[in-house]
Ligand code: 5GP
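Single chain ahead, by itself, as structure tokens, in the form predicted on its own.
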Amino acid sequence: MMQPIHLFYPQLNNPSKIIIVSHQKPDGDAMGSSLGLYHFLIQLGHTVNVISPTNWANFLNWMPGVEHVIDFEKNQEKCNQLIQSANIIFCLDFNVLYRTKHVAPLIEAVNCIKILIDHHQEPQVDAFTYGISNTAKSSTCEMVYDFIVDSGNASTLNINIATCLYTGTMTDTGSFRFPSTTASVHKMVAHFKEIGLEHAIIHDNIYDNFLENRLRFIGFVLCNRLEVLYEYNTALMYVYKQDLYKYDIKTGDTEGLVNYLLTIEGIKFGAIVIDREEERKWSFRSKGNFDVNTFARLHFEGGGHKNASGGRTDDNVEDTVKRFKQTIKQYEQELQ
């Protein structure tokens, strides 16, 4: 059973071979927390490797240390060797091992210390030696900041750590507008500013760093792939594989698309399904008390947070959209 993470703190003083793993298709919080922890641990004399289960969005490639991240799918043999020889594996920004895709069986098989730092619901506690799971936290990046400070190592915080952790906190809080943006978030950011963080550059790199085709793609899907179900205060968008091909959409280009749906007056629930090669991926967002984590778990093999979650299905786009429309009927009262 997973022990409290503070019991691990003394072992930070023993140089070890450490692996940091995030969920597949890492977003700003997954990459930011991984790299922030990387920049912290190398200062303590550890040998550290960061493994991403898959590729990641190009708009993350400016981040300090990203050149050290290893794409598992492109370097399976090397990653396998690194995991086999690890003393400690940090698992960041996911609650269950299957979210690391093909890395999961390797983590399960290796006999070493496994540590969870995450803010999603229902963690797989039997898979980790130590850990902390706190759904009240804004982001895993904020939790890594707490880990550094609470372990007595606040003096190691530098501009690289601050840049990485700010990035993930910013993206997971919707640029600090979601309810998860607590006083502790702003105190952390104030600390980063005292260190010398230049936050405007980070915003530019994340939000103003796309190709023209992405903007045209967004215009196309808003005009042609959007349905508004006013009787359920719900907006639905579906993106076909041919749409992705037509506009040459890459990993990360659909990031944040679901948030457009909640900008419509009166809409409490936004859902988008994207036709991927191996499956159809759902993203759910909500306002107020509608729990999209429960919705995703019950109906689309997913989960996440109360107001932000994801899911999947093997159904084709037409069938999964049809099922969504049928399912939403049972939530009519909750969405009024």
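Just count from 1 along the sequence shown to find any residue number. This one's a predicted model, so the numbers in the text were calculated from it and none came from an experiment.
In what follows, reference is made to the form predicted in complex with guanosine-5'-monophosphate, a form of this protein that is not presented.
- Remark: Y98 counts among the residues lining guanosine-5'-monophosphate in the predicted bound form, judged by a heavy atom distance of 4.5 Å or less.
- In the predicted bound form, none of the heavy atoms of G270 sits within 4.5 Å of a heavy atom of guanosine-5'-monophosphate.
- Taking the partner from the other structure, guanosine-5'-monophosphate in the predicted bound form has a heavy atom within 4.5 Å of a heavy atom of H120.
- Using a 4.5 angstroms limit between non-hydrogen atoms, H305 touches guanosine-5'-monophosphate in the predicted bound form.
- Residues of just one listed stretch (109-117, 90-98, 177-185, 156-164) have heavy atoms within 4.5 Å of guanosine-5'-monophosphate in the predicted bound form: 90-98.
- Of the residues in 269-294, those that come within 4.5 Å of guanosine-5'-monophosphate in the predicted bound form through at least one heavy atom are, in sequence order, K281, S283, R285.
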